[in-house]
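Presented below, as structure tokens, is a lone chain in the form predicted on its own.
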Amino acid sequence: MELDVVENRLLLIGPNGVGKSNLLEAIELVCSLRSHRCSRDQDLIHWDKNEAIIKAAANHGDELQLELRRRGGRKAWLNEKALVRQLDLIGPLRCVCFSALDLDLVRGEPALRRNWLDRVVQQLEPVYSDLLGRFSKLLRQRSHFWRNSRNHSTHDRFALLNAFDIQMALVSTRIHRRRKRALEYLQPLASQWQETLSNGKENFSIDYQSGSVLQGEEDEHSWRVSIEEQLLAQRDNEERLGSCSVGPHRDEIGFLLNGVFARRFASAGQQRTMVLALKLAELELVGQIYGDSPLLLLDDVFAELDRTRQLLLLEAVGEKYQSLITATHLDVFESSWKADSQILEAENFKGFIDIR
């Protein structure tokens, strides 16, 4: 089946369980190679099928295709040419997605906030994925070393740990720098959006709590040397506990509302507004850098927002961004919004695989 997006705003209307979220997830996958709901490709394929295919065509002519298979991994095509690196599919289409699951971004575990920030940085620098992959591999190798350290002589142990420290300090520094820089860009934009969506009543700030002590000004050499020293200093504890306590895997991102940590004190509506402010800030930042705003995907965005915040959100989105929005009923939208939008009401969205 094929879906033609002909207006700046597409409203997907239907009851729960008909596949509205699946459609937005397919768009997110072909834009970013990632799903905010699933980590395994097998969970993205219909239970009685062996593959799923997503195709998309951008306004400027690029054609994208992503094939998910139960066996053999993924395959990606750009303009009918098979890609050696799937990362090369990112760029012709970009998107920012908000769903009910994103509420955990404020109230969930630190890993969720790190993953969100990493997705933002990947939007800005796709090669950032390589840094994350290198760090994850080093962390696994280091853990494996400690489990088998008795098999190494004292000299070999020190030599291997010194090599780990040098590599981990370098990669950690580059991850820390990019995360910190992205948050510095996002902070004023998110604060502005929070003020807009709360009608001027709320102030939003972001606190980056690094998993390494970052001494002095942002400088790769000084940060790298400092992290090497911290890795060396924590070796005894690492050997005893079996886990490394220094590095970006220990980062935390704190969200504050009116100076108080939102995880503990913000209401559900305020938390949802904060996540929306972050997503809109990401949308604006990517648009500033690339000169072309990403698609805005809003999945069941109006739940837990009072009517005032709903209207402020609709006003903020306006005609500025190309948006695909799901809802169970049309009555949440103003008449002017419905008049200027493409509306698709259906009992089943699950069959759409071709998006234009």
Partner chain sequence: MPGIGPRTAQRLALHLLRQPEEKIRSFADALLAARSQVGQCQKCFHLSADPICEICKNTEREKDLLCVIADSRDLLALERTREYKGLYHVLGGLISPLDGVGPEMLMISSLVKRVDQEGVREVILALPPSVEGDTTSLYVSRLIKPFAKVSRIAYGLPMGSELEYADEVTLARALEGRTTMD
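Positions refer to the first chain, counted from 1. Fair warning: this is a prediction, and the values are worked out from it, not measured in the lab.
The same protein also exists as the form predicted together with the partner chain; that form is not shown, yet it is the one meant from here on.
In the predicted bound form, segment of 122-130, 200-208, 260-268, 97-105 with a heavy atom within 4.5 Å of the partner chain: Residues of 122-130 come within 4.5 Å of the partner.
Do residue 145 and the partner chain share at least one heavy atom pair within 4.5 Å in the predicted bound form? Contact check for residue 145: yes, within 4.5 Å of the partner chain in the predicted bound form.
Using heavy atoms and a 4.5 Å limit, would one call residue 141 a contact residue for the partner chain in the predicted bound form? Within the cut-off, so yes.
Just checking whether residue 232 would be counted as a contact of the partner chain in the predicted bound form - the rule being heavy atoms within 4.5 angstroms. Looking in the predicted bound form, residue contacts with the partner chain do not include residue 232, since no heavy atom lies within 4.5 Å.
Exercise: residue 162 in contact with the partner chain in the predicted bound form, heavy atom 4.5 Å: Answer yes; at least one heavy atom of residue 162 falls within 4.5 Å of the partner chain in the predicted bound form.
Only one of 241, 166, 111, 82 comes within 4.5 Å of the partner chain in the predicted bound form by heavy atoms, so just point that one out. Of 241, 166, 111, 82, the residue with a heavy atom within 4.5 Å of the partner chain in the predicted bound form is 166.
Between the partner chain and 177, 180 and 221, in the predicted bound form, does every residue show a non-hydrogen atom at 4.5 Å or closer? Heavy-atom distance to the partner chain in the predicted bound form: none of the three under 4.5 Å.
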